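The chain below stands alone and is given as structure tokens, in the form predicted alone.
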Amino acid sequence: MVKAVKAAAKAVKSPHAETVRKAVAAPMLEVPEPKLTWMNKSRQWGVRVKPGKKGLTLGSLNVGIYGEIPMDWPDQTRNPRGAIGRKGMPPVGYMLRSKSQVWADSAADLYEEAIQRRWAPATDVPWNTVKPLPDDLERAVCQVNTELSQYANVEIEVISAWQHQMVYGYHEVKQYLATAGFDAARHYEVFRKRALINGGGLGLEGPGQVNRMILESRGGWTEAVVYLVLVRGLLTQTILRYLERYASNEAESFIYRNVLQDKARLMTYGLDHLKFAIAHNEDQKQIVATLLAIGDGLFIRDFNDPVLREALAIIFGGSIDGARGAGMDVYHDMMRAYISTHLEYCQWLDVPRRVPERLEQYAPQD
């Protein structure tokens, strides 16, 4: 009781006491009568989407008018597909407003797979399996991971730069690309960690001609995809596949295997998108062929730089001495696999393609 009296006395002396007294003495604020006019605003009411075997997936929501995905999306606001737009909303100014500029039928499924197959470099990689390596081998591993981290950083930048230019009518693509950007950030992280965990460090910056080619693509997202997937993406995927075979420990094997899994999704999206773009634009096939021909020169500049080639050969051969024989043989085999797959993808897209003279040694022999 004594405590309560003291607390009341303290409250009376508080600088806020007068404000409280006035608020209590004032008449009650009038609450406006709710209009509820918004309750009748829906383009389609009564929708009940049932979860399937894989749960309530992003793609399963495409029912009724909510599954109508037009070839052009003139609405430049952030209005969700299927909602009623509010009049007078200022346009955001999206650059990519046509389905053929962004779409891939696989986008919704790739989004689901990406969020279900997340992995964390900090805790999922068995870092304890990394043991000291011979100096030449450790330096080679660190150099390769340095360049792979560069590739991942370019992916982060180019995906984020184009994603925000896409209208909300094609949200499946925007959502998948959000996961692809996160994948790239994870790859940047994990490659740096491998370079810094075993007494080594980051190596030499790569020549970066293809990096600039991807980042400076200004013709549209489809142009960026040509370089990001058909050129750089496929080469990275091929390198990772061979690195997994020649991993020095379980940690490296885990890293390369899981990054490959993530890269496969981006490759699938890219190829599906190019196929869709070509099918809906009569000039797109030749545009892709021209872009590849232009890109050959910059790709060859990177290819002529010996740093990545030598580092990979050391890894494949187990040492500098091993690189001179078996290591270079494996490297050449890897490049043949890259060129062969690249040509297969171009054939699937029905894009005419000629292997540049500098790379003809790796072309399939008829």
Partner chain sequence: MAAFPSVEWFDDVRNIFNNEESFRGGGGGQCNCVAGIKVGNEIFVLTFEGFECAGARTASLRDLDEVDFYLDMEIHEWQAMIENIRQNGHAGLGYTLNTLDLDRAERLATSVHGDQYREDLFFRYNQTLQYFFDASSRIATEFAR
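Residue numbers count along the first chain shown, from 1. For clarity, every value in this text was computed on a predicted model and none was experimentally measured.
Beyond what is shown, the protein has a form predicted together with the partner chain; the following relates to that form.
- At the 4.5 Å threshold, heavy atoms of Lys53 reach the partner chain in the model of the complex.
- Interface residue remark: Glu113 is counted as part of the site for the partner chain in the model of the complex, having a heavy atom within 4.5 Å.
- At a distance threshold of 4.5 angstroms between non-hydrogen atoms, Ser253 is in contact with the partner chain in the model of the complex.
- Although the partner is absent here, Arg232 sits far enough away that none of its heavy atoms falls within 4.5 Å of the partner chain in the model of the complex.
- Against the partner chain in the model of the complex, the set Arg301, Arg309 and Ser319 makes no contact: no member has a heavy atom within 4.5 Å.
- For the residues Asp124, Glu282, Glu205, Asp72, the 4.5 Å heavy atom test against the partner chain in the model of the complex is passed only by Asp124.
- Think of it this way: in the model of the complex, the partner chain has a heavy atom of just one of Ala264, Ile287, Ala185, Ala83 within 4.5 Å, and the residue is Ala264.
- Of the candidate stretches 74-82, 137-145, 102-110, 214-222, only 102-110 has residues whose heavy atoms lie within 4.5 Å of the partner chain in the model of the complex.
- Interface residues of 334-363, taken as those with a heavy atom within 4.5 Å of the partner chain in the model of the complex (partner not displayed): Glu344, Tyr345, Trp348, in sequence order.
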